[in-house]
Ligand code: NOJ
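Here's a solo chain for you in structure tokens, the form predicted on its own.
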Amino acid sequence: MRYLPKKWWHDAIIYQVYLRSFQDSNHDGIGDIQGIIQRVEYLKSLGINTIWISPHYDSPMDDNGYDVKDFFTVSPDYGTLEDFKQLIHVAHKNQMYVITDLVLNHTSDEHPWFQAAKDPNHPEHAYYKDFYIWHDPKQDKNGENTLPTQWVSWFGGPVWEYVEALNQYYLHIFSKKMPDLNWRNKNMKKALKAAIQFWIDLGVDGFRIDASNHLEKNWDFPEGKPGYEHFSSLPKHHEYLQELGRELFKPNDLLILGESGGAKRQEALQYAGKDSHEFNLLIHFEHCWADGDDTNKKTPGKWAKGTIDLAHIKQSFAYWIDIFKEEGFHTLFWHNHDQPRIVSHYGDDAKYHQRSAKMLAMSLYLLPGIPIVYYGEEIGMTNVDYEQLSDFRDVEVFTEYDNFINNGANHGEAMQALKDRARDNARTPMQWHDGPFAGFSKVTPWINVNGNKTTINVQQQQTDEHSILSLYKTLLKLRKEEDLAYGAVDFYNIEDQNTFNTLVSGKHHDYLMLCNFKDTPIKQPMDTLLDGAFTLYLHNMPTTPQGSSFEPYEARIYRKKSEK
């Protein structure tokens, strides 16, 4: 992989900021761009050199900014265009890069394009109507209008919404307030390209492409339920991405992270291989939901929490690292704004909170590839502690709660599923200190702060050399010193459901990582693994561990004695 032409992002250590929840600078309860600027020094001290911010565009916030109302404007919630320019300036001055979310699949229903499209009396109705996807009603046996298909949206419920003035339905594979764009329309593509060029001209260094594999739909509109195969990962969407790559992404040397679940080897390289004209990095989710419970019919799908399939997680990492070996770069991340907090998900957010958070970091951040740290992960932020449905804010929550009740779940079962899996788990305010509102704001935030801010916060951990935060700094520094983006890895006992053991090859040394993913002690074959060639380098225990017995969530990193 070293023969690949050197790009600036090959050394990237990315930090994902959920803008609404990171830092409120103007005391309105909402995180903002000036808040990020205030925390640039903190990010530098952590070892970050690339900031990825969630959608900053003007939006009615039905889906926290992924429902864009104006692609050329910053949301008043987050600041002004001048604030955004200042962020770019401050970041670049500090040798940091900025990438932003780019929403290509849909707009808000409040976007002027859609307002014209749904209004037959609008002077530009005919022009803008074809920016979106419409279908006539079907007729039932009584002659009444019915849905064009039984397709189900990713947020639950039908993908079709009726507009009486047109006697037609529009397609929305997410919220009904997020109508899907018609990528077969040349004028729509031209308008989107102008918006992309606008932010490039302002100095952004790249984009994370949201829902990139949904751009094409099956225009025959066959029946099917849920019908995902008719609006997800259809081959033609690659043509749209390549068009953007050739015209905008490649000529401007941008870092492009593409979100696409379900890709296999050939398609992954088509997305992000060294010869790709689409992305530089692929964000996939194969390792993110390895603890499902298929027997749970009350809160099914991702909402059903079961036992962790650790072998699946290891196999996923091994598979994806191998795909991009000498062909590109793998992305390293545990979770993002759409998954539960990792320490609550695959660790223990109670008795073994600190230890399991450290173990999860140690198991991941020495692997080859480009790392993405999600805000708050570096201090071990946990899932929500909410007790009321009204505490949640995500549009998906309320639809799914009703689905759970209809499936036979009681209120307690439905709430537990939400506390385990809802996206709001990863969207609570950053916990800077143990004071009012955790230092995020001086007023009540848009979503409640987690009650454990008194024991989990940045201020407390900055002065503790044994904290989760300190460990993250150590690991990210080691990544740079050992050039681990280009490293190699071997997974030991990949079928084992208890251990996460790997041998990583760095620029100067080899590292043996031994991790216990269980909440019970296990034995490790130390003599075989160490073979007299390694010495203990880093661990997550209160005292120096010895022997072959590993305590719950214990992790050790051994370094090979001889330097390369």
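Keep in mind the model is a prediction, meaning the values are calculated, not measured. Throughout, we count residues from 1 along the sequence that is shown.
Keep in mind that the form predicted in complex with this ligand is missing from the display, and what follows is about it.
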property: Contact of Asp83 with this ligand in the model of the complex (heavy atom, 4.5 Å); result: no
property: is_contact(His330, this ligand) in the model of the complex, heavy atom dist at most 4.5 Å; result: no
property: His106, heavy atom within 4.5 angstroms of this ligand in the model of the complex; result: yes
property: Heavy atom of Asp338 within 4.5 Å of this ligand in the model of the complex; result: yes
property: Segment that reaches this ligand in the model of the complex - one of 473-481, 341-349, 423-431, 132-140, heavy atoms within 4.5 Å; result: 423-431
property: Contact check for Lys189, Trp219 and Leu241 against this ligand in the model of the complex, heavy atom at 4.5 Å; result: no
property: Sole residue of Ile456, Ile256, Met178, Leu418 within 4.5 Å of this ligand in the model of the complex, by heavy atom; result: Met178
property: Listed residue (Tyr386, Tyr492, Phe155, Phe404) with a non-hydrogen atom within 4.5 angstroms of this ligand in the model of the complex; result: Phe155
property: Within 60-95, the residues that have a heavy atom no more than 4.5 Å from this ligand in the model of the complex; result: Asp63, Tyr66
